Ligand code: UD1
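As structure tokens, one chain now follows by itself in the form predicted alone.
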Amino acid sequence: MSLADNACAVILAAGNGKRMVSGKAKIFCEILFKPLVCWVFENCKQTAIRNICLVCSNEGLHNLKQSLGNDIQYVVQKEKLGSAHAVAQADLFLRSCGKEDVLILLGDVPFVNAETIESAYREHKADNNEVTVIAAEKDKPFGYGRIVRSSGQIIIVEETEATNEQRAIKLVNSGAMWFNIQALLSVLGKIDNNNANGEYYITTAVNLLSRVGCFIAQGHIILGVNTNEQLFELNQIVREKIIAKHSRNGVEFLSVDGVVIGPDVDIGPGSLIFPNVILKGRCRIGERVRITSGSFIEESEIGAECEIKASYIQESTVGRRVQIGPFAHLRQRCRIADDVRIGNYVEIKNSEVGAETRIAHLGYVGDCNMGKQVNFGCGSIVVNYDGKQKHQTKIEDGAFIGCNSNLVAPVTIGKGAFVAAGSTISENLGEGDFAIARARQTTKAGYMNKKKGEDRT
């Protein structure tokens, strides 16, 4: 009864989602920054199932390959004729996979998790079912196919085909089903489109089989997306669950207003999250980190005891006890060592910053290898672009960069070197050098008073 040995999966992801009015396929609409189809695929991958086929549109094929990779077989459904027609496109996959059972999943039902999939499969095999439908009770079942039980038989009636009595049933179909592959193949060709929408429904296959089971899951697991209102509802459900999980694990929240934390974020205990903080992608936040309002952290690692004040951090690594912001911006590929101070209106990109360095305010550091205990003065700039390509700058340990200086790459500032304020440096400095590169001051005494007097005549 091993999933790896006996089972495969088919994910149906070819729908257009016209009711979303978003200009993109429904499966690419996001819950906490992750497309619906990625939720479905990852839930499936968390089981032992390794043979997975995804049925998609030709328009979505390229983006799906970028999102899901190549550990999956793709089949294009050229005509959108319904869910049974979509399954039929995977006929060759089903016949050649060498498995006994197949899990059918919908690309817009993101919460059918690994535990539900595995529990339903155990029941499917224990009862020797030809098909086991994953269902749930829903207080407001509008839009869902109803599970109708009569004389020991289970059938699914679509909303558009149901009688008033059947529409009152609260047990609804999630769209996820376990089929015995041979049983499914035996009825696929018998499914017709004699219904209100003129489509071939996979639910008809359930009604054509005799050994039908129904696995009852928790209510939120079967929720799908057909409208932007439903997408918002699912975002809220997941957002609240994730915040509650982190709270139980020792993370403090001053208020959860505007707090959005992605499903792949880890936060250490003792950390404090202010309102209006967004943590996106695979982030690792250490213990006792303080993140204040207005911060956006994406695909980054933040060490223990840092303080992030209203700043934007992308694809970067930050050491321990680092202070960032307010209003700083760490762009891609930054590596910040321990005990660094990055102040207000500082932008850093593709650079390393050594321990105990200070970049206090109003600076730009791009394509730079900066050592430890460097002082990078206010208004100073690493000039990394010559109009055609980027160049590297190296600032060695203990260097002092005076305010309003320009370091024109490629250039090296040696260990302990001093750049006087207002200098533009385009030649290398050795260890302990002092450089001043500015025009000599010229003062014309009383010149402006005289000029003002001339203007009045």
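These figures come from a predicted structure and were not determined experimentally. Residue indices: 1-based, along the sequence shown.
Heads up, the form predicted in complex with the ligand isn't pictured, but that's what we're talking about next.
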{"property": "Distance check, A25 to the ligand in the predicted complex, heavy atom within 4.5 Å", "result": "no"}
{"property": "Contact flag, S380 vs the ligand in the predicted complex, heavy atom cut 4.5 Å", "result": "no"}
{"property": "4.5 angstroms heavy atom contact with the ligand in the predicted complex for G145", "result": "yes"}
{"property": "Heavy atom of G363 within 4.5 Å of the ligand in the predicted complex", "result": "no"}
{"property": "Selected contact from R211, H220, K80, R167, since only one has a non-hydrogen atom within 4.5 angstroms of the ligand in the predicted complex", "result": "K80"}
{"property": "Answer option from I267, I273, I202, V131, heavy atom within 4.5 Å of the ligand in the predicted complex", "result": "I202"}
{"property": "One stretch from 278 to 286, 307 to 315, 335 to 343, 101 to 109 that, in the predicted complex, holds residues within 4.5 Å of the ligand by heavy atom", "result": "101 to 109"}
{"property": "Within 148 to 164, the residues that have a heavy atom no more than 4.5 Å from the ligand in the predicted complex", "result": "I156, E158"}
